[in-house]
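In structure tokens, the next block holds one chain alone, the form predicted on its own.
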């Protein structure tokens, strides 16, 4: 057997503008238009999520080069603080290790940062490094990541679309549409009525059989979420997503009991690691978990989270994350479909999620993607050389 290359150098870069930090958009984008948030109790931060800083982090790009000259890379959110953690702390666990030492490297990164990590930006950072390692291993072996994960269980993926216009997503062939919730509890009865009116209008446009879901982005309380779910029943709401703050496991468990029969409760986009998801699953908080592979601990951790969910008969439908989740979804029976984030400002056309940062990023055609779109080594994408990378730290 030929010798396994070792990791020669790890580099961390930042990037501003649309990319892994997909909230960093220009004015007039649907993703920043009066969406309910935990900050909406302050009127001055209600109209725009950028006003309270949703786009301050920017993108982290991790590159890992091996002794044979192969370079793996990945992108996630985290920007400059994450770049610091990669260069000043995590690099020591990578450089000199074999490119196949992914499990050991993850373990060392997690336990060595435990005293200041556990969730949030540290786990985002570990996720970015982990995804870059899988990309590198795929390039070393000349195989796509889904083959490294045990192989695909289906030859095409099907998608629902997240964006302001489920009616347009239906025409584009998606299996469902998830809309942002526009009004939170601080906007009172009038806001609740408008939320239900928007849902009613959309149901009228798409007909009875198209899935409609509501993304509440951590903005509600148990009472409001319960009333919203009950009011949404007559419009055939498929699921209510991330209705409560991520640490309110007790609230989620109660909400799951409160929603109308047949309506699903989903969450987990802002949860991290097997321990966080264990809490959601064991407490009966939701029907579908939605880990983001760039935020929950990377592919290495997502495999553990997925096995746990499988044992609890819960589906795993990863949050966004483009190719980084497509390779995973292709290999799991309990991930029967995937999410596609509509990054066109008016949600009226299919554009790559990480545009302009990645080249070769595949997108669904008529709401579907053939496995053959994922057949290049690693994650199958390249960095766009036109996007200027900045390396704020070295080691």
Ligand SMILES: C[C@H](O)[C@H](O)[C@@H](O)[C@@H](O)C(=O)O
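Positions refer to the first chain, counted from 1. Given the structure is predicted, the values throughout are model-derived calculations rather than measurements.
The same protein also has a form predicted in complex with this ligand, omitted here; what follows describes it.
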property	result
Three-residue site 238, 265 and 337 fully in contact with this ligand in the predicted bound form at 4.5 Å by heavy atom	no
Partner-facing stretch of 329 to 337, 55 to 63, 28 to 36, 363 to 371, counted where any non-hydrogen atom is within 4.5 angstroms of this ligand in the predicted bound form	28 to 36
Heavy atom of residue 301 within 4.5 Å of this ligand in the predicted bound form	no
Contact of residue 215 with this ligand in the predicted bound form (heavy atom, 4.5 Å)	yes
Proximity of residue 271 to this ligand in the predicted bound form, heavy atoms at 4.5 Å	no
Interface membership of residue 146, this ligand in the predicted bound form, 4.5 Å heavy atom rule	no
Contact residue in the predicted bound form, chosen from 276, 138, 166, 180 - any heavy atom within 4.5 Å of this ligand	180
This ligand: the contacting residue among 306, 325, 77, 162 in the predicted bound form [heavy atom, 4.5 Å]	162
In the predicted bound form, residues of 44 to 76 near this ligand [heavy atom within 4.5 Å]	49
